[in-house]
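Here we start with a single chain on its own, the form predicted on its own, put down as structure tokens.
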């Protein structure tokens, strides 16, 4: 693999020094953590930074914890870390389900959840799930610390609310106040390592409340507020599921690209919403398939 551009590489010993380096270079600098997206972009000349700041050695950015009734994902927590966390498995199984559908074992061992949302590609797997959990992104920069709700994080394809000189230090995922269960559905062209053609995340709560979010069918990961309002307080029936699927299509803006046509994405989102809702509701009731099973690979409609 060849990289066409030249750049400086720095591995500072402290987070404060990393922030100073980033602030000095501004938008000409990039943070290197897992590197699974960044290295590919460098190879394909999609980015050409003057400086890479390696943050992999910062202990304070590693690990997964629980504080103030919220899961804390350090900036260096990988998807494999999520899969191996008993805390995640017990309290945030939807997050774990999503992590298991990311690429391959090799990629999951290096790719970070924070890096996934910082890359901000429309098909990022973490985006829809963090949306339905109402996650918060924590950043630190030369002007101090900031909290950015996940709904305000994505600004466009590969564009986020981060400012020059800032580093994301963690993402917090609030523990749902009510009993909840979810389902993450990812549509791919084949089994194995592939980017999503479309994805749907559903979080169902006791009291018949639902949150929905979509990936790879709009410039950013988006919630479905109109579909959520339709479902609120309603018992899921075949007719309501059909209506929800059709309404969800009105809340997305799919495109045609190398992985799919916009028409196919729209058609499949209808199916995905129905299956995700049925699965989340069944799990909430204590039945349904185990987490980790992609219902788009099942035969039942």
Partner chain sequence: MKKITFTLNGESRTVAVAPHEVLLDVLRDKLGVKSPKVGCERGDCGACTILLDGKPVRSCLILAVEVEGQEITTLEGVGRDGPTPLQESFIRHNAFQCGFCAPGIVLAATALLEKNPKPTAHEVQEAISGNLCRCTGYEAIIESAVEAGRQGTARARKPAARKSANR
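Positions refer to the first chain, counted from 1. This structure is a prediction, so every number in the text was calculated from the model and none was measured.
Below: the form predicted together with the partner chain, not depicted.
The partner is absent here, but in the predicted complex a heavy atom of 33, alone among 64, 248, 272, 33, sits within 4.5 Å of the partner chain. This chain is drawn without the partner chain; in the predicted complex, the residue among 151, 176, 100, 93 with a heavy atom within 4.5 Å of it is 100. With a 4.5 Å cutoff on heavy atoms, residue 104 counts as touching the partner chain in the predicted complex. Although the partner is absent from this view, residue 163 stays clear of the partner chain in the predicted complex, with no non-hydrogen atom inside 4.5 angstroms. The closest non-hydrogen atom of residue 108 lies within 4.5 Å of the partner chain in the predicted complex. Although the partner is absent from this view, residue 243 stays clear of the partner chain in the predicted complex, with no non-hydrogen atom inside 4.5 angstroms. You can rule out all but one of 231-239, 46-54, 258-266, 65-73: in the predicted complex, only 46-54 has residues with a heavy atom within 4.5 Å of the partner chain. Contacts of stretch 205-226 with the partner chain in the predicted complex, defined by any heavy atom lying within 4.5 Å, are made by none of its residues.
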